[in-house]
Every structure is written in structure tokens, then in C-alpha cells.
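Below you will find one chain, with nothing else, as C-alpha cells; this is the form predicted on its own, and questions on how it binds or moves follow later.
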Amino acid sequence: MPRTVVIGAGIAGLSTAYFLQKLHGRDADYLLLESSGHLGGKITTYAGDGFLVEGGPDSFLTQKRAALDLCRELGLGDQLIGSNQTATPSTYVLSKGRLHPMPEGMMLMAPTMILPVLRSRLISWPGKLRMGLEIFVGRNTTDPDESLGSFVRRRLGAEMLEKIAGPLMAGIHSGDPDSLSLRSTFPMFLELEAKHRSLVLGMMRRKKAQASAQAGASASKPAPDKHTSMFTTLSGGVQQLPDALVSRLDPERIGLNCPVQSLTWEGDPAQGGGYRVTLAGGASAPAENVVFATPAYVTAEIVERLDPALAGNLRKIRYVSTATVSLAFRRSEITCELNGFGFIVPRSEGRRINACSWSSAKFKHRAPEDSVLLRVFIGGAFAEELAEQDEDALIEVARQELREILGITATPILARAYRWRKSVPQYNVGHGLLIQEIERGLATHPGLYLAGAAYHGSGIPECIQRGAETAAKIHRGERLPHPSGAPAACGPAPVALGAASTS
């Protein structure tokens, strides 16, 4: 196997290295470089004094199998846990200063049940009437890449966008619904409209079909799968997943605190050549394959000398800053009810937070029995400057907001803030065409690959899947001819990273 350099050791980079090693065994010739001293990217878990705090993602979607299957493959199957079952509404919406239950049966932004929406005090009667007219709204035949905000407003009305779909999208993508591409973020809704014309009818039919399929499966008595909730995590925190990947990798092939500065093509065009990966400290390494599992703007800086046009397109992918603040309190000092999983905050409320997750109610093993753990979300497309404050300021913002919204005046017994500057890629309108243009530019460079959250899905399962697919392509030797026409032979013999590496 030729030398492969993987740049970036978040979940996508770790997965790429893992699957390369799985495919090639002891013959796997890879080098994993990480600019920081942490492996796992935004996945980071703090455990102490009986609390389990997630700094980044706290779970992953069960419906997308890659993360679930990888956990089981790594021996973490017995650590998988779904969200707690609760008879109370799982999510609330802050409206006019009060928390209102999300109507039962909401599937993201689409209702699957009519009566709960009619009974809800969250949506006004004019808003309910507008939602009811959705079954008469025709398909979109003019806009090939409609924004998510336009889609919801057109089909379900402005109130649904303001109170439910908008804040939910802010929680998932940290984005502006009127900028996010429906096709690139939630193609399922596009497909439902195309097939059923009505989103509401499509969701109801889909739910009925799923119920029938489950009934049929129950009749055949298959082996039960306990992970039936929408979100799954690990009992010891999501960081168990990258930690398990790292434990399977060769430590001699991992370089921490190794920021990559540039990538160049070298060699005689007539004789073939390869890439040279140069680190900020001056050390370098040759490579036949290079996998970028870095944010698009970081990749752009590295490939600038190699291909300015490609770098320019990569910079067009916008990123926004976010932050999370976790606060723990003694249960005896909390006077409000914390039934459910938390609440979301519409922009119209004028608050400085986007949402609050009741972590100790959402998953087991998050806090001692006599305590509660809450996690507040700050920043995103509309308030990046708030997320970029220092940790003490973020904690103070979270405390003030919870004091005014939930009446929590107690002093936290634990407070931890995590800042994620320019960390969340935005799949804005035109994203699909931009990715096609990026991939056309990439195809002119043999052995270059893109993995990570910026391109074909930003969740943990998508990043794992992308890593597996990239490793498989390298294994199959899927490399296009270099523009010079020269074969892409491997460069000089590998060199040690020397002092630049702390692995």
C-alpha cells in the first residue's frame, strides 16, 4: 500500500485511518497528523465528581447506521444507550416567555398527527389554519434548490417556521433557515413533497407504513434491538468512540501538535511523482495519497500553492461559531420542573441562547441522583459574537438566561464552557453545485480526497461513512491521471517527522 497522509484527527480522520488499517492490516502505510493535542475533534467528554459533560455532540442518529455499527465493531455495543423514555413531552418551545410543549407527533418540522397540533397553545388559530391548508399547496416546480425557510413558509406558514422549524434548524445546523439548502440538509422532505405532493399527508403515510413494517417484524419475532430511540449515545460519553478508534491505531503513525502548512506536487512529470506534505515546523513527508479531514477553510490554506482555484471554492463554504455551557445544580435548589429533554428558543424571543438541553433527564449516567445537569447552546449564524466570548463570559450568559427563563437562582456546583470557533459548516443554497465544482477540481489531482463535515453530511454517522468510503477508494487505487499525464508514482522514501511530532 502506498503512503497515505491523513490530515485532521477528528472522527472523519480517525475513521479513515481505522478503515485503512482494517483493509491493509500490518501493511497499512499511513500517517495521521493532528494540529492540536486532542484526538477526536469536537467530540470531547469530561467526567468528574459523578458528572458526565459533553463539550461537543452528545449523541448520534440511530437511523444512520454507520456510527452504531462502528461502535459494535469496536466492542462498545454494551455501552450504547438510547435517550430516556418519558411520558411527558420531550421538548418545549419558549414562546412569549413561557415554555410550551412541542405538539406530539412532530417529526422535525412536519406534523404526523393532527389533534395534538389543534390542541396546542403554542400555535395560534390562524397559524393552525395555515398549517391545515398545507394539503392544498402544490409542489415546487420553479426553484431547484429552495431554502429551508422558503419551503416551510410555503408549505406550513410563517408561524411554523418561526416557532418550530427555525429554532430546530438552529439547533441542528446552527444556521439561518432562509440560507440553508433544503436539498442539502433535509432531502427527505423534498422527496416527500415530490412523491405525495403534501408534506403532512406524506409524513402520515410514512408513519403508517413504518408501523405496519414494525408489526410485520414483530410477527416474525426477530432478535430485538434495544436501540430504538432516535438518538443514541455511549454510557461513558461520546468520546468513548474516538478513544476506541485511537486504541486500534498504531501510535507510531499518529502525530499530535503537527499543523500542516502546505501541500506540493513534486517529481519529474515524465517519470511520475508524488506529494510532499510540509508541516509548520519545517518537517515534511512524502505521500501518494492525501486525505483532508480538516475544515474546508483549513484545507484551502494547505492547497493554495497547489491549486488556487480549488482553494477559492473551498473558502466559499461558510462556517459559524458555536459554544456550549454545561451547568450542574443541586436538585434541592431547583424549583422549576425539568420534565422532558429541554427547550428551544425562537429568535423572536430576543434571548441570548438558542436552546437548553436537560442532560441528566435526556440520558442516564450524566449526573448524581441529587443533582441536575443542564447544557446551554449559544451562537450560530445569528449570534457568532456571543459564542466567541471567553469561558467566564459564556458561563455568565448561560446563568443569566436560565435565571430569567427557568427561575434558577442557585449557584452551580459545576460549570464548564466549550467554544467552537468557526466549527459548523453551513449547507447554504447552492451547496450541492459548489461541492460538484470542488470535486471536479479535486479530480484533476490524483490521490487527493476530502472527508469531514463540510461536504456530504455533518453528523457523526456521515463523517464515519465518508471515512470508510475514502479508505475503500484508496484500497481500490481509484486515482485519476495527473494533469501532466504522468503516472502518480510514490515520491521519495518516507522521512521521520522529527521534533515536529510528539507521537
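The structure presented is a predicted model; accordingly, all values stated were derived computationally and were not measured. Residue numbers here begin at 1 and follow the sequence given.
Heads up, the form predicted together with a small molecule isn't pictured, but that's what we're talking about next.
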item: Non-hydrogen atom contact Ala12 with the small molecule in the model of the complex at 4.5 angstroms; value: yes
item: Touches the small molecule in the model of the complex: Ile438 (any heavy atom, 4.5 Å); value: no
item: Close approach of Leu148 to the small molecule in the model of the complex, 4.5 Å, heavy atom; value: no
item: Contact label in the model of the complex: Thr62 to the small molecule, heavy atom within 4.5 Å; value: no
item: Listed residue that, although the small molecule is not shown, lies within 4.5 Å of it in the model of the complex (heavy atoms), from Val397, Val137, Met113, Ile302; value: Ile302
item: One residue of Val424, Leu327, Val200, Ala355 in contact with the small molecule, assessed in the model of the complex (non-hydrogen atom, 4.5 angstroms); value: Val424
item: Which of 290 to 298, 123 to 131, 176 to 184, 333 to 341 sits within 4.5 Å of the small molecule in the model of the complex, heavy atom basis; value: 290 to 298
